[in-house]
Structure formats: structure tokens, C-alpha cells
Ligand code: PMP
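So this first bit is one chain, no partners, the form predicted on its own, shown in C-alpha cells.
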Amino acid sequence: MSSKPYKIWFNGEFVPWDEASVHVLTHTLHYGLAVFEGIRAYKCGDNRSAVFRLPEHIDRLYASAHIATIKIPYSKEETHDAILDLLTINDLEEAYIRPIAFIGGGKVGLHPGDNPISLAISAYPWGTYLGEGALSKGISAKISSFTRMGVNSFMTKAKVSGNYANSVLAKLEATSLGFDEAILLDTEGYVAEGTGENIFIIRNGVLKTPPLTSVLEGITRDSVIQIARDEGIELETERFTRDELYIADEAFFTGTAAEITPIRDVDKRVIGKGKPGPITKRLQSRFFDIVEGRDPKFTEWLEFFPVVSTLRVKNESL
């Protein structure tokens, strides 16, 4: 993390980064019931920046909270404004944004009782999630020995913090064996998703992605589906097996952090030609044109905000 003194929005106040702390008996720390979001802001040209699909991310945060029976003590509008204000205060042209609603201290047992609910929002620079060269060269992945959580054991439509213990274990296993990322199968053995990403394959010119039965409703996933339709790419939402993944022509992950990251091999089986394929590159190029403000067709996905350093330069030039 940069040494720049970033602020964090914490229960309605902007506090210094190092002072945004909680007690060791915070309920969520012990039992994992919290909900969060991952959101990105991109620089769009020389003098403006924008948050990508901010309303959809806020809607999903509050949907997750509803599923988890967490009542966030701030409205969607207040959260929206807090995110934009935080980006401006931290003078960020590009950023990863992490809102999290969690259960505070008080009652220590499993039932949180009337323990207070807190909302914290951080924003900071974050580059390529899966490593240098991941977007241009692709990554290696491993089918995990851990299974994606079943729909009735965990709430798979909610970004609940505790759900990600499953992902952390899968990620640790894969990286310890020399892979970049893990791919989890669902409880019936079909390909589900990565540790923090949705997954797509291309086979015989057809783009495929698993249905939402046991995977998170990814906002980047939805964006890619809409882009593919606009590009005239044939799309099927259907289950596929690990061996169909092995013989795919192309494969890639999608997610706020991962963006569109090509997969070059799975379990040491080379995917296609072992490098980003033409449809992957086409979707990736269109995606970055959109998030960086070069594609007018999807401008409604961008929410622009003022950047202090840009305003300062403009004022000083007058």
C-alpha cells in the first residue's frame, strides 16, 4: 500500500487510514458474517475519471445485506455519495473501492443480537490482480480439490465475507503448487467459477459461461454477456465439464479485480494455442474501451467524478 495518507469513510466520517480500526471482539471477525463489494474506477482520458457500474455494485451490496439479514444503517444514496466523495478526497484517478458492512462488538455468541452494524469504505490504487502480464499473456489455473459451496449450505448470491474462506483455501492450494489461480467445481462436478471470478470458455466459436445456479452474479460477467451480444458473438449460458474446459479453444476469467484475464492452461493442459485467443482479445479490447471512456455506446455504465489533482492543474493553468 502506498504511503500516501489516504482516508477511509467509516460510519459517516472520513478518518485517517491507520485509524480505521475495530475491536478484537468484533462479531464479524469471529464468525465471518459481513457483506462487501469490489468496485473499480478508471481514468478516462486526460481530465476525467469514472466508476464502472456503480449503481449495480451498490444494489448488489444491499441485496447481499438483505440475504445476510444485515441492515446497513445508511441509504444507497448515502453510500453512493460517500464513494464519490472518498475518491475525490483521496485524489484518485484510478482506484479499487471496497465497501464492507459488518457486525460490531457486543454480544460474543453466535447470535449477534443487537450488536451495531458498521459500514466502511476504502479506496486505493490497485493494478493487475492476477500478476504482471496476466491480461496480455494469460494465467495458469488448477481445478481445485475444494468444491464451490452448495446453494443451501451458503448463500451463493451474496458476497458474504465468510463464504470466501472456501476461495482462500482453494487459492492457497493452487498457488502452493505453482499455479496462478484455482477453478472450483460445483457440488455436481461441473465447472463453477474461480476463487473470485466468473469463468467463460469459447468452443467452436460459441461463448459459454455457467448459469447462475451456484455462482455469484458477477457484474463484469453481465457486462461481458452484453458486450458479446453487441458484438454478435453466439452465447450460451450452460453447464460444462472440466474436460470440456480442457478442450476449449479459449478461456478467460471475469471480475472487478480480474477484469478480463485469459487462461492459457488448466491442470497443465494448454487451452487452445496457450495464449489469449481472438474472441477473448476482442472482448477484452471492447471492455477496456468502455471502462476508459472510449466507447460511447455504454457510457451509461460510467459515473464520472472530479479528480482534485486534475482540477488543481486546470486552475493553476488559468
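Start at 1 and count along the sequence shown; that's the residue number. Just so it is clear, the model here is predicted, and its values are computed rather than measured.
Keep in mind that the form predicted in complex with the named molecule is missing from the display, and what follows is about it.
Asker: Let me know the one among Ser161, Ser122, Ser144, Asn198 whose heavy atoms come within 4.5 Å of the named molecule in the predicted bound form, would you?
Answerer: Selected residue: Asn198.
Asker: Exactly one of Thr256, Ser64, Thr280, Thr28 has a non-hydrogen atom within 4.5 Å of the named molecule in the predicted bound form; which residue is it?
Answerer: None of the other options qualify; the answer is Thr256.
Asker: Closest heavy atom of Ile219 to the named molecule in the predicted bound form, within 4.5 Å or not?
Answerer: Contact with the named molecule, yes.
Asker: Report whether the minimum heavy atom distance between Glu181 and the named molecule in the predicted bound form is within 4.5 Å.
Answerer: Because no heavy atom of Glu181 falls inside 4.5 Å of the named molecule in the predicted bound form, the answer is no.
Asker: Closest heavy atom of His57 to the named molecule in the predicted bound form, within 4.5 Å or not?
Answerer: Answer yes; at least one heavy atom of His57 falls within 4.5 Å of the named molecule in the predicted bound form.
Asker: Select, from the options 236-244, 87-95, 219-227, 132-140, the stretch whose residues sit within 4.5 angstroms of the named molecule in the predicted bound form by heavy atom distance.
Answerer: Of the options, only 219-227 has residues within 4.5 Å of the partner.
Asker: Within 4.5 Å of the named molecule in the predicted bound form, counting any non-hydrogen atom, which residues from 122-156 show up?
Answerer: Heavy-atom contacts to the named molecule in the predicted bound form: only Arg148.
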